[in-house]
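Single chain ahead, by itself, as structure tokens, in the form predicted alone.
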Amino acid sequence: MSNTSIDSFNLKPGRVLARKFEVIDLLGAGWEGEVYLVREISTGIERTAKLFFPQRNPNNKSIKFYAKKLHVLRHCPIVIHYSAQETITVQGQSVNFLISEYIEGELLSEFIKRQPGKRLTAFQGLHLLHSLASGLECVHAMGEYHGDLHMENIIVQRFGLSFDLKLLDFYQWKAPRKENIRGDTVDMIRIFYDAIGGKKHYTNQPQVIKNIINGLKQTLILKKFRSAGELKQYLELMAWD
């Protein structure tokens, strides 16, 4: 069996994986592998297949860790549901992949680009932050964390008075610690800051907004919010001057 590194699978639409899934399209690629939209042949249901480059998944360690983490967090609505693991052969090597639910929606970064001025209003931003904190509250309550929150890892499914969100890429292999959970909280504030216009509009934001962002100073943020649950509670009780 070849031990050559694989940097791209280049799976074409119509290819059948493990006799069960038909490739529809490439959804994205990263350091660990590629993500494809596939159709389950027996049911016609669309799903997502995450294929790991063999050199990034020695002894199947990465894929097992990821699958177990998604299983632990399966009751958290903001987490994508894991379904199954399969194996195919690509370029003479065994390639493992995970099947999970397919989430229709739009990356948060793209959603914000479509808004007037390419940013959210302060009120819209608060709704976004509350939805994000509400979703991660479940994750943090279970002692887990995301570890790499940014606009390219958040899918907006629907929005209105609140946002329906899903998180991508729980690819942090370290055992969870309080510092990880706090890191998620700081990242949420940064997303909120960027979503409402970032540095360009910060000076003109209402004081209640500045009281949340705290100039993006980590020590000040964590003094107020040590977890998603504490941030959510603050937002629900805050008074608008």
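All residue numbers are counted from 1 along the displayed sequence. Keep in mind the model is a prediction, meaning the values are calculated, not measured.
Not pictured, yet referred to below: the form predicted together with a small molecule.
The single contact residue among 35, 213, 186, 63, judged by any heavy atom lying within 4.5 Å of the small molecule in the predicted bound form, is 35. Between the options 153, 83, 96, 134, the residue in contact with the small molecule in the predicted bound form by a heavy atom within 4.5 angstroms is 153. With a 4.5 Å cutoff on heavy atoms, residue 208 does not count as touching the small molecule in the predicted bound form; it lies far away. Taking non-hydrogen atoms only, residue 164 never approaches the small molecule to within 4.5 angstroms in the predicted bound form. Interface membership of residue 41, defined by any non-hydrogen atom within 4.5 Å of the small molecule in the predicted bound form, is ruled out. Contact check for residue 144: no non-hydrogen atom falls within 4.5 Å of the small molecule in the predicted bound form. Residues of just one listed stretch (213 to 221, 227 to 235, 8 to 16, 21 to 29) have heavy atoms within 4.5 Å of the small molecule in the predicted bound form: 21 to 29.
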